[in-house]
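Only one chain is given next, in structure tokens, and it is the form predicted alone.
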């Protein structure tokens, strides 16, 4: 009876999360009609983009427990995939987006195979080195524009080229689609075998291996999937900015955004990346705009203070605060239920 009750509770929880995701998407669908300000639309696009970026990192860093600071490499490969298709070959970006995402997955597996032999902070330090290596490579690689990068040509607004200059409605719709794809994929794997294996590796790799989990295979799969999603976000970023160059996409600053947004919202949770982006991105954009008279970098100061406060007060992020008030589950929307069902 206890097992049956636990199964029912688990099913109810999964159903509520799916309904919550559908409700969020429905809300996002009607927002454009209420937006009359281009800057507010810009902020909304960035919230959705950075939430998708953070969720892609969350697959590896949150659910699988492998803290990587190298995701800007995969983000950059995706951005250059779209940019090369548009600038070098004069075609629509879509094939370049797919090629960049697949290339990012392949590169992630190649560089992760040796790096996964390292544990904890040694793995994190190795990913720092990967960003520096690829950043220097992109700066001197003339075929992709080198340090000058790639500037997009002026084209008519269209879905064919995924470019708009008159307004941001097209980009907003694309950001919603990207958000739905990334969050839908993560929600799907959360309740599947891969999701359970990733959380098992996160909680204790040796214990997971003793139970028959191939930890190397799980980590490589998580890395490839995470890199693929990050590359899609990079392609969107390039299209949105009409250009791409190495400092924009392959940098430690960009890698830290993946990590910090997820930490603020709640690592290893489904809604954490969205909550983190919904707080940090408006804070960053509005302080940069309205407090510019105080000097450069004010947004970064506030940004840093907020992260410090969160780490001291509630290391589990915004999701941890919500759990304190009984609004949402703790570490993971499904993991929390699993722990409750397993307890005597």
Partner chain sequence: MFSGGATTCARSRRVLRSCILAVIFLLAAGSAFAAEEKVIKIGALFPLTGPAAVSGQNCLAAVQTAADIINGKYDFADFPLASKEGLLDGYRIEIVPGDHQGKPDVAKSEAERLFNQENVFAIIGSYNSSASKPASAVAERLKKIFMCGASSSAELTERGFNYFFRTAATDNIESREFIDYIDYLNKNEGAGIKTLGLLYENSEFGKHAAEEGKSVAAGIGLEVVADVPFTVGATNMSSEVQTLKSANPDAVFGAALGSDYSLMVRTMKQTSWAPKIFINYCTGYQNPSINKELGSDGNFFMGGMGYSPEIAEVYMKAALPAQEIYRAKTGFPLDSDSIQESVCLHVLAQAIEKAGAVDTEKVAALLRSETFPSPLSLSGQVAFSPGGQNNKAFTVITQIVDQKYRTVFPESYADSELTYPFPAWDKR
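Because the structure is predicted, anything quoted here is derived from the model rather than measured. Numbering follows the first chain given and starts at 1.
Another form exists, predicted in complex with the partner chain; not displayed. Remarks below refer to it.
This chain is displayed without the partner chain, yet in the model of the complex the stretch 164-172 from 200-208, 164-172, 220-228, 99-107 comes within 4.5 Å of it by heavy atoms. Of the candidates 92, 185, 248, 177, 248 is the one whose heavy atoms come within 4.5 Å of the partner chain in the model of the complex; the others do not. Although the partner is absent here, residue 136 lies within 4.5 Å of the partner chain in the model of the complex, judged by heavy atoms.
At the 4.5 Å threshold, heavy atoms of residue 88 stay clear of the partner chain in the model of the complex, well away from it. Although the partner is absent here, residue 241 lies within 4.5 Å of the partner chain in the model of the complex, judged by heavy atoms. Residue 270 falls outside the set of residues with a heavy atom inside 4.5 Å of the partner chain in the model of the complex.
Across the proposed site, 39, 147 and 154 without exception bring a heavy atom within 4.5 Å of the partner chain in the model of the complex. Contact annotation for 97-131: no residue has a non-hydrogen atom within 4.5 angstroms of the partner chain in the model of the complex.
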